[in-house]
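We begin with a single chain expressed as structure tokens, specifically the form predicted alone.
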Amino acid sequence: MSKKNVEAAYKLACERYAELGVDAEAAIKRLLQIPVSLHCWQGDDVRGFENPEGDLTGGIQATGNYPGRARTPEELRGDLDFVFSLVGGTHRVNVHACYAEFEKGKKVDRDELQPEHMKNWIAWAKRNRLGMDFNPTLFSHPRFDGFSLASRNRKNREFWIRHTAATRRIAAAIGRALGSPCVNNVWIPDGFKDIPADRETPRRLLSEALDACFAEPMNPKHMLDAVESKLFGIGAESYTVGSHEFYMGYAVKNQKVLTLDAGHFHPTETIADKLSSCLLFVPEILLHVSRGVRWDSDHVVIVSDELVAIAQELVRLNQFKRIHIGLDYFDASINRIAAWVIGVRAMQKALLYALLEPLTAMRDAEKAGDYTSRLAWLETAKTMPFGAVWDKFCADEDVPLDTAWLGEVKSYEANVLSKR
């Protein structure tokens, strides 16, 4: 579509939205202020750089063998650079501890990681004016015995405590260097495949371990501790130590950031409804936006009903200073660059759609007890010219429209990915 046609369609869309009391231009400006954190592990199937050819363990699985996987830190950051050229807005990058980089002959184990092992990531983020988020990697390691922070083996448990404490110091260094708080998110795959006889002991051990991990005071201007629950995992189908109830209680008691992953609940649950309740009791929330199909399958995020519901609740709450948005999926069955672009754009589209709702009219009707009008306004928004506003956002950000970005990805695949 030509720039002239984009502008013409946008002008008409603005007029239509104005009739509903919605300022389309203001919606675009707000979208530009909402950062989305991209997960680096989509680009290399969660392998990292400790042992790139090693098998994943601990409830982690990437399916597919599409060619072009990033094999080195330079390739991975280069792929991300290309992704950022195709998506507008404000962004961050989310990195796991297993993506640390070592000088030749100076590799250390995870419990000895230092900020210097992330210096290349930090320098790259600074050059690109990106914020960064971080995660301890509590899986795919010889010390993982089916359990990490909840292990009954004291030496293993203490190893994982040291590792998590080390990642907090790294996250604080990242936050200081980039001038933006780094969210350090703790997720463990600990659990049982079959029905446990003792559910309490692992959770008590986890609670004690987390206390030890978080013992060192950190400046919240530099880093934020987050804890993430899960309903079940591969090999932990019957019981996960870090359930939603466990982490909700721990986050409330200790005032930590609570992580809600869209794929970590029952298939009929949506995290959209949880936000307003959780924000009453925890200081902040980290969202891991994923798409489960029948189970926590980490499919690429699309503009689904659930994603729109999440975005609508985010806009209606208007608590973006307390909510961090991150993507979390890994699909190796399709072009990994395209997977990133589709997911980021889907998140932004859902947010823009929500920002363009006639929210004032809906709330006025609700306050007046006029639920008929509230429902009518909700339905009216569905057929408004949202696409024209989205195209304007892309044009203003100088990124390809939806009809054009795929061609650029195909060219990158032919010229870069195919040579790996």
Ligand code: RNT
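Predicted model only: the values in this text are computed from it and were never measured. Numbering starts at 1 and runs along the sequence shown.
The following text describes the form predicted together with the ligand, which does not appear among the structures shown.
- Of the residues E313, D225, E284, D296, just one reaches the ligand in the model of the complex with a heavy atom at 4.5 Å or closer; this is D296.
- In terms of contact with the ligand in the model of the complex, the residue from H96, H244, H163, R345 that brings a heavy atom within 4.5 Å is H96.
- Heavy atoms of W187 reach within 4.5 Å of the ligand in the model of the complex, making it an interface residue.
- The ligand in the model of the complex is approached by K230, whose closest heavy atom lies within 4.5 angstroms of it.
- Remark: D133 does not count among the residues lining the ligand in the model of the complex, judged by a heavy atom distance of 4.5 Å or less.
- At the 4.5 Å threshold, heavy atoms of V46 reach the ligand in the model of the complex.
- Exactly one of the stretches 288 to 296, 165 to 173, 317 to 325, 247 to 255 approaches the ligand in the model of the complex with heavy atoms within 4.5 Å, and it is 288 to 296.
- Along 137 to 164, a non-hydrogen atom within 4.5 Å of the ligand in the model of the complex is carried only by F139.
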